[in-house]
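This document starts with one chain, in the form predicted on its own, laid out as structure tokens.
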Amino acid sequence: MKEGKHFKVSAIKNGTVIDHIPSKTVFKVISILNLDKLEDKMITFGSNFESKKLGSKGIIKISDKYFDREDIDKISLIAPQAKISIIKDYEVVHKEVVEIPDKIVGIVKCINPNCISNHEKIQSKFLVLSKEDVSLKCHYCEKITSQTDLNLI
């Protein structure tokens, strides 16, 4: 519903709100979190909302769903400025800005087709070279992966 020049999105009783997602990556966040597979949860999302910081932003609200650290790390790689809010009984009980960890283990595939991590049963491992423009260095083959080339597992 429209209220003046702003849109109002319904509150959720319990669950997670992911806010400050760059508009162009909203559907990528939905995909990496497999939200399209959640058939029993109410999910509200929007894109291209006005944002002073980002120009335009997206938001995702998921009722009765909370994410583990691995999922939050995935979000940080796709939307490094996103904010996660945990909602309980309509109140924000925890809020955090996602942060890219110093090391990424088991959630990104190496872009080097010859890398051992793509042929053996070992977890991929990356050292984060840059958190600003997301640049990862493979632990095994030392190939650099940029944010545009990220392939999440």
Partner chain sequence: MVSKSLVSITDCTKEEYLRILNLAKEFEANPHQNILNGKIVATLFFEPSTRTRLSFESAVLRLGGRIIGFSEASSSSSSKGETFSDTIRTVSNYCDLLIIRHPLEGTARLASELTSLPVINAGDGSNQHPTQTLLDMYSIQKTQGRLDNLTLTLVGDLKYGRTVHSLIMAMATFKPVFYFVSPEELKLPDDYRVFLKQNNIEYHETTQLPHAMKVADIVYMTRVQRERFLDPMEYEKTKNAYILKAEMLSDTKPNMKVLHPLPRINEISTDVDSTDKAYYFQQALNGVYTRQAIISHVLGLK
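What you are looking at is a predicted structure, and each value in this text was computed from that prediction instead of being measured. Residue numbers count along the first chain shown, from 1.
The form predicted in complex with its partner chain is left out here; the points below concern that form.
S.K.: From the list H94, R69, K52, H119, which entry has a heavy atom within 4.5 Å of its partner chain in the predicted bound form?
M.R.: After the contact test, the surviving option is H119.
S.K.: Select from the listed residues K24, K13, K143, K131 the one whose heavy atoms reach within 4.5 Å of its partner chain in the predicted bound form.
M.R.: By the 4.5 Å criterion, the partner-contacting residue is K143.
S.K.: Though only this chain appears here, would K103 touch its partner chain in the predicted bound form if you measure heavy atom gaps against 4.5 Å?
M.R.: Residue-level check for K103: no, no contact with its partner chain.
S.K.: Indicate whether its partner chain has at least one heavy atom within 4.5 Å of a heavy atom of C115 in the predicted bound form.
M.R.: Flag for C115 set to yes.
S.K.: Does its partner chain come within 4.5 Å of any heavy atom of H20 in the predicted bound form?
M.R.: No.
S.K.: Can any non-hydrogen atom of K88 be found within 4.5 angstroms of its partner chain in the predicted bound form?
M.R.: Heavy-atom contact with its partner chain at 4.5 Å: absent for K88.
S.K.: Counting only non-hydrogen atoms, which stretch in 32-40, 57-65, 80-88, 106-114 is within 4.5 Å of its partner chain in the predicted bound form?
M.R.: Of the options given, it is 106-114.
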